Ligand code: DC
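Have a look below at one chain only, the form predicted on its own, in structure tokens format.
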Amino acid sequence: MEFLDLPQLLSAAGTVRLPGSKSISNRVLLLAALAEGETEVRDLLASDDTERMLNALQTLGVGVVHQGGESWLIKGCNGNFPVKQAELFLGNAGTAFRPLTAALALAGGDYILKGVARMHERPIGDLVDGLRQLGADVTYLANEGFPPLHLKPASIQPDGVISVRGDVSSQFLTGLLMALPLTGQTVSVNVVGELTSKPYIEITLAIMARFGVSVAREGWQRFTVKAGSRYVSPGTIYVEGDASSASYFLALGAIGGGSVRVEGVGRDSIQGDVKFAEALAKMGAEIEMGPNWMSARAPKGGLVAVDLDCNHIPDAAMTLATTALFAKGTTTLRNIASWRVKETDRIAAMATELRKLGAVVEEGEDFIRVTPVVALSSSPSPACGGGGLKAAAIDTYDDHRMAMCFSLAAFGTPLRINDPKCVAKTFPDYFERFASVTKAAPVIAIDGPSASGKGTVAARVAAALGFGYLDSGALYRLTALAAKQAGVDWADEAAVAAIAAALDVEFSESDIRLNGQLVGDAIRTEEISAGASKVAALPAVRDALLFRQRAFNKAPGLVGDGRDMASVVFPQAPLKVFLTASAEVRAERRYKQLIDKGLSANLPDLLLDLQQRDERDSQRSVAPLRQDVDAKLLDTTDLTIEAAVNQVLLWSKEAI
């Protein structure tokens, strides 16, 4: 599985131009296809979901022309798809699957609609029931109430009234409303029960109006489309920036200091998720807003918990769940039952992953309650508060919003995001934009051969800067020692990797504990040193220890020493140093070190061992010892420790 490791973040500030709204993009594409005339769609979201819709329209015979960038020309078919028989695969794109189901059920053709396994678990029965009331012929190909579907030509009923439940997904009502002009009849839709995600219906009505179809409404309970309604191209239409995506960057500003400004959506938006800014303001964030932009910064007193009905911001409310990790008190998000029928069961998934970080979470059918690990300090800087979060690997469940929401937790701890490319569903370059407005805890990566002095230099540089210190070699030594204690051969890759993944290690300024026992001297013996070199050459062991090493990258910064700090563990480190010395000098240093500890040593044997280890470390297939291309060379053969430390500190002033 692919993953992305995020260091602990120190702050956030800057400006982000948002990608187009997924909800608006797919609604516009479908109505442009159904309309009379050609529609130029500008600022269209480039994502998996819109790609599914574009591919489906092309399969149905609609003229689709990419004009470059985010501009597309859609040649409308005036309500009559040219292709009357087709099989469509729509992935996990609910904003494509539900509206296309409604439109194709009334379009007079023979169609099969399929998706990924999760789409076949997402309910669609209420939409199908509404379509059948109109005379549609829809058959379930597997489980009753769920895709895949087989659609055959409908026998449209005369003017009438149909009913649809509103408490599962607003996409059912959206699909029906967008398809009703295809009937040629006057049809009213009664909503049964409480309508969820009302702002998304507002989006549907606004876009239908842009294409010439007005929907009469009686509150949120009855919607009517008049006979003779038809879609007509508006010529050119612009897609707003995605308000749900704006939530992540506004939250970045509220947690990380700010200000963070998002452009492409603002006060004049037709999207309900712009009200996320109001929810963030209730948590104390300082919000500013213009017609097409919004910004957020952290409050001086820190964020506070809220108890909020989230019916009006169902997608953006997910961002509040991770923002709650940095708020004082317990945050409760209510009326979010629709989360359970999204790309995954988002209430269950959110609760599971928040608990990995150490939060206390309570979940119900339509609510989630989040209590952060510890109360935060009054400072808006996460470096001064937000401690207590546990470093964890976050599973994303093939759900783009899970990946983006949990990126915020990096203000409290280093994180691993599994399957980060799932963000392609709505925001393919999300993590690039994320990095552009955040500042991570810096790393000084110091590599070099054994006994070159890198450990001593790294420890002193860390102390001088007030940074954390990572002796990566100690982790491999600890693995070798733990394997020996367990009776595991150092060549048994799978067994040693399992030991590495489960190491119970504590570092202190003066010593190291393994399983609660002091082992600082034990891991420095020549036998364990040789064992460390052997286990370090095993790919599975290096994989097991990679995230553990990266998890040391916390505020205010880290100095790490090893053999692949710059090339593998911290390739983005702002300062990389390759520290070396002649083999003879290194052997003398190791000899003196052992003698000072009262241990026996033989200088010629030490020199031979170092030369052999250098050869082995530089020739191994995985992460060989080498000077990274942008690392600064520091030869300490003729330097004192103080001189070497001062040189690294001088370089750090320039790089950090």
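In case it trips you up, residue 1 is the first one in the sequence shown, and so on. In this text the structure is predicted, and so the values were computed from the model without any measurement.
As for the form predicted in complex with the named molecule, it is not shown, yet the points below apply to it.
- The shortest heavy atom separation between residue 153 and the named molecule in the predicted bound form exceeds 4.5 Å.
- Contact check for residue 564: a non-hydrogen atom falls within 4.5 Å of the named molecule in the predicted bound form.
- When the named molecule is considered in the predicted bound form, residue 589 lies well away from it, no heavy atom lying within 4.5 Å.
- Although the partner is absent here, residue 472 sits close enough that one of its heavy atoms falls within 4.5 Å of the named molecule in the predicted bound form.
- Look at 613-621, 47-55, 599-607, 27-35: in the predicted bound form, residues with non-hydrogen atoms within 4.5 angstroms of the named molecule sit in 613-621.
- Of the residues 182, 285, 532, 265, just one reaches the named molecule in the predicted bound form with a heavy atom at 4.5 Å or closer; this is 532.
- A single residue from the set 122, 477, 576, 346 has any heavy atom within 4.5 angstroms of the named molecule in the predicted bound form; that residue is 477.
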